[in-house]
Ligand code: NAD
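Only one chain is included here, represented as structure tokens and corresponding to the form predicted on its own.
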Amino acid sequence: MTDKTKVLVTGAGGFIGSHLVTYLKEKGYWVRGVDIKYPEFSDSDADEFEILDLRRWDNCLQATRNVSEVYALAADMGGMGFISAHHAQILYNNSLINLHTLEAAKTNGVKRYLYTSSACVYPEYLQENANVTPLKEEDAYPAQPQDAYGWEKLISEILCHHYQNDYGIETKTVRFHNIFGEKGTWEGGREKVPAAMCRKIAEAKLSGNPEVEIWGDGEQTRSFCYINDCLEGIYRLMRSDYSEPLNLGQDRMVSINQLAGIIAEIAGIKISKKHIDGPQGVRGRNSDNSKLREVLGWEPSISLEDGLKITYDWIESQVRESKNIKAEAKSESLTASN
């Protein structure tokens, strides 16, 4: 690129968004990052970073000014524990974010707009068995997402479709299937299952207590896609002429028990699984990548084991650092009281 294309990444303080900013900078783009917070685990590589609440129309107008492309990742979301307990908050906040951001992009003459949807749009009745048939894009209808998060994503997909038809803004819609990797939330309740499992196993390793809690019987199934493959897929879709929703994920399905076993092997320990009550989401979910291969001539290639090795090593380092900080704080407290 001779003249740098200016792009906006919303949700640039989050896990995927912060990685995407770096990816696009390396591709030669000028990048504005916007979020309600800065990235937690590293500095942003954005050319400029603005703290803006995108639930507000005026902030969306400011965010989308003077850019030709928008990667819309901003969302109020988290793992299954968070999603299952905050339906109203998620539906309200995310609807405002997406309605205002897309309208502001149209108002400011944005040419291309990529919306990040989710596999949560797929009907619950197709995901009742652990040995689930991989989900194709057309399976989203007749619609019956499991929760408010899925409904909001589906409505925003439809909104993108109509904005393209009515106003000419070129929209892309990607349906993520469980993206994971380093430099993402790993504690506090909003973390996704790969990060939570890495944290639990790191804590087991460092404490010497091999017991690891797993919600439900652990036989619920998912496919998991490493962040670098996700970024490549997003970029390829944005550069394509395809405008219908497209799955982006691995098509290798594993149970949560198997996921725990893989991470334990990476950590070099044997664990004891303790199954407890907790939100589990749908019983089974896997991505059908037929359309992905057809449209992009590409599909994710980084193995689950390779992605988890990078992720686990980083999370173990975070757990170690956290334990050291707590130990130092306790020591200082004891010293002060004596």
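Keep in mind that what you see is a predicted model, and the values were worked out from it rather than measured. One-based numbering along the sequence shown.
The following text describes the form predicted together with the ligand, which does not appear among the structures shown.
Between the options 110, 75, 102, 135, the residue in contact with the ligand in the model of the complex by a heavy atom within 4.5 angstroms is 75.
Checked against the ligand in the model of the complex, the candidates 197, 97, 264, 140 yield a single residue with a heavy atom inside 4.5 Å, and that residue is 97. The candidate stretches are 291 to 299, 309 to 317, 53 to 61, 23 to 31, and the one lying within 4.5 Å of the ligand in the model of the complex by heavy atoms is 53 to 61.
Proximity of residue 226 to the ligand in the model of the complex falls outside the 4.5 Å heavy atom cutoff.
The ligand in the model of the complex comes within 4.5 Å of no heavy atom belonging to residue 221. Proximity of residue 149 to the ligand in the model of the complex falls within the 4.5 Å heavy atom cutoff. Proximity of residue 259 to the ligand in the model of the complex falls outside the 4.5 Å heavy atom cutoff. Contacts between 97 to 124 and the ligand, taken as any heavy atom within 4.5 Å in the model of the complex, involve 97, 116, 117, 118.
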